[in-house]
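Starting off, we have a lone chain in the form predicted on its own, written out as structure tokens.
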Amino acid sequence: MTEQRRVAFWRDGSAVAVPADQPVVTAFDQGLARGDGVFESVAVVAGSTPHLDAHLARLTRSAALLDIPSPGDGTWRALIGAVLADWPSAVEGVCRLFLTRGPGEGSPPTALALLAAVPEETLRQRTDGISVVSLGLGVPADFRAGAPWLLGGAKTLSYAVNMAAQRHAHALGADDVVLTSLEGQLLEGPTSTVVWAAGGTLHTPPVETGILAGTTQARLFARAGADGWPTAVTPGTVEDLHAADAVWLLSGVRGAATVHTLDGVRRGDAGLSERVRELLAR
């Protein structure tokens, strides 16, 4: 059976594929020591990356927010090509692109591509839906827009809080989280964008709250609008989610995961999840 973990790194102007268990990052790398870096998770379907352009654009924006020189799209495409070589087309994968500040002191940034099969649990949540709890992030909704040092809108490697939120949800018996601001406004999931359907319209929170601009949400809204389904950027609350016709957490690899339980309360989707999945599959 073909090994379903791949690694490639950028060295001396070339993408170099190495065994998955071979060390490629120095212990002095600032991404390891301080979480000083950015990343993207790109879906691999039938051996290709159909939504790569949007992820590369966001990766470039994230790097700029951290003042890390971008190696350019050509570097990332070469790295992806290196890990995708001989990847079985029947295996759905997730390719993670990492860019760190490197060791510092004039050294170039570190660029890596890691490829693995999509976990079974992710596939289950895509099919069966998820239970979600709401948790407070502890910042005002309008604060990060005027505080660039908080890196609002950047997909950084500093995911300790995000993972802690998910572990807390798991301890409560839930699958995932919807984060809220200090005033109770909807923000995002630890690894996803919140979307809800209400009044015949698809809604998502404004990125001015410092949340990450969702590539899957943008694709859904573009296709929904073309299909005659109105969309809106809307400040919302958990109460709005409870009152909604349907709620989803959207991400690049999991897709649209239907929220079937919110803070312990069961809810339906008014038959809208099938339409959302169909739009995303176009």
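Heads up: residue numbers just count along the shown sequence, starting at 1. None of these values were measured; they are calculated from a predicted model.
One more form of this protein should be noted, the form predicted in complex with a small molecule, which is absent from this view; the next part is about it.
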{"query": "Segment that reaches the small molecule in the predicted bound form - one of 122 to 130, 154 to 162, 71 to 79, 169 to 177, heavy atoms within 4.5 Å", "finding": "154 to 162"}
{"query": "Proximity of S192 to the small molecule in the predicted bound form, heavy atoms at 4.5 Å", "finding": "yes"}
{"query": "Contact of V207 with the small molecule in the predicted bound form (heavy atom, 4.5 Å)", "finding": "no"}
{"query": "The small molecule contact at G31 in the predicted bound form, heavy atom, 4.5 Å", "finding": "no"}
{"query": "Non-hydrogen atom contact L212 with the small molecule in the predicted bound form at 4.5 angstroms", "finding": "yes"}
{"query": "In the predicted bound form, the one of A246, L250, L220, L59 near the small molecule [non-hydrogen atom within 4.5 angstroms]", "finding": "L250"}
{"query": "Non-hydrogen atom within 4.5 Å of the small molecule in the predicted bound form for each of H55, E188 and T216", "finding": "yes"}
